[in-house]
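Only one chain comes next, encoded as structure tokens, the form predicted on its own.
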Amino acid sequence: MLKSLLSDDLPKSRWLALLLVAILIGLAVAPFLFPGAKSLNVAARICVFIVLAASFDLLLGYTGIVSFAHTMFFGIGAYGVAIALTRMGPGWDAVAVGVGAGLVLAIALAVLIGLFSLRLRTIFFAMITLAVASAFAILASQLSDLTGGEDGLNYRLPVALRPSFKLFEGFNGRLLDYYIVFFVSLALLLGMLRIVNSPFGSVLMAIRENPFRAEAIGYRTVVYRTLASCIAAAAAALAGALLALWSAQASPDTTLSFDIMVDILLMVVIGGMGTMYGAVVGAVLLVLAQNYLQALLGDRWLLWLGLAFILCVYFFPTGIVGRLRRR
């Protein structure tokens, strides 16, 4: 059953298996094991960024697509929920409309970018996605009537997700919100694990290794790359929607910033490209470092984080997961 759940992609390392189990259990019991608003917020952000990093790894690690527009899809999902809750009120119908609209827009943009740009060489495609993402971030900042401008949007969540709502003794709406984020993130991760271990995923890896050979044996590489982009965009939009449901606010800095793009790239590289487990490990390490390393090391925490990243790349060129699997 475990093999089926993990799509026959077992950790293949005792230490990696123990690490993944520890992460799963830690996130599952985080509200009770680590009480406090900050700890709960960190755990929720880890769940969201696991999905975001895994969806980016689907592009970079499995398909060989270098895209800088991934945070744009993340922001679309977040703003979809935020705008719907702001305009329609704090109801589940608004959440459904926001998630649906965000998914439709993200997939439509992924199709347009893919069909018009994926025929180009890698560097030119990367530059086009960077330009599109930058334009979208500027647009979000300028359309203040719709997006709240630089300040973003603050809105009320559905009643069942508010801290004042009591489902039963010791379990309030905030905990319900967290477990929605946790279980949806887990389902999305397992879904992407299924995709990359399917025949479709095998074609993506063949395209990554040699697109000309894949084209020669009958696979339309542009179509497969566009489909991969759509799947990754949808997953990123859903991650953005989860963040919006958790934080009750959406702004360019928290959803569309290029710093987030750098963060998810670091997560994928540190954890290990071409493996969904690498996205999990990388997201956990980086989110923890961002939230706790700064408190421990003060203003120089970025220097130490940079040194740690250099050492990680030097000693683990295939990422932490790749090194553990080789052992």
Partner chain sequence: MLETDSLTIRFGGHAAVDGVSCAFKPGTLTSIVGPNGAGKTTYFNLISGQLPATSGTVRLNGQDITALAAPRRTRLGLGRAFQLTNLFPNLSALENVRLAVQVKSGKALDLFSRASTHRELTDRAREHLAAVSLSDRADTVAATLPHGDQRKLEVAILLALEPDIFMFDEPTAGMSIDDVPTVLDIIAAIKKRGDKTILLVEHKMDVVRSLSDRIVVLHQGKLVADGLPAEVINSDIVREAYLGGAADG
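Residue numbers count along the first chain shown, from 1. For clarity, every value in this text was computed on a predicted model and none was experimentally measured.
What comes next is about the form predicted together with its partner chain, which does not appear here.
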property	result
Contact label in the model of the complex: residue 213 to its partner chain, heavy atom within 4.5 Å	yes
Residue 166, heavy atom within 4.5 angstroms of its partner chain in the model of the complex	no
Its partner chain contact at residue 197 in the model of the complex, heavy atom, 4.5 Å	yes
Interface membership of residue 103, its partner chain in the model of the complex, 4.5 Å heavy atom rule	no
Answer option from 186, 203, 248, 107, heavy atom within 4.5 Å of its partner chain in the model of the complex	203
Proximity to its partner chain in the model of the complex, single hit among 132, 234, 180, 227 (heavy atom within 4.5 Å)	227
Proximity to its partner chain in the model of the complex (heavy atom, within 4.5 Å), stretch among 234 to 242, 75 to 83, 189 to 197, 124 to 132	189 to 197
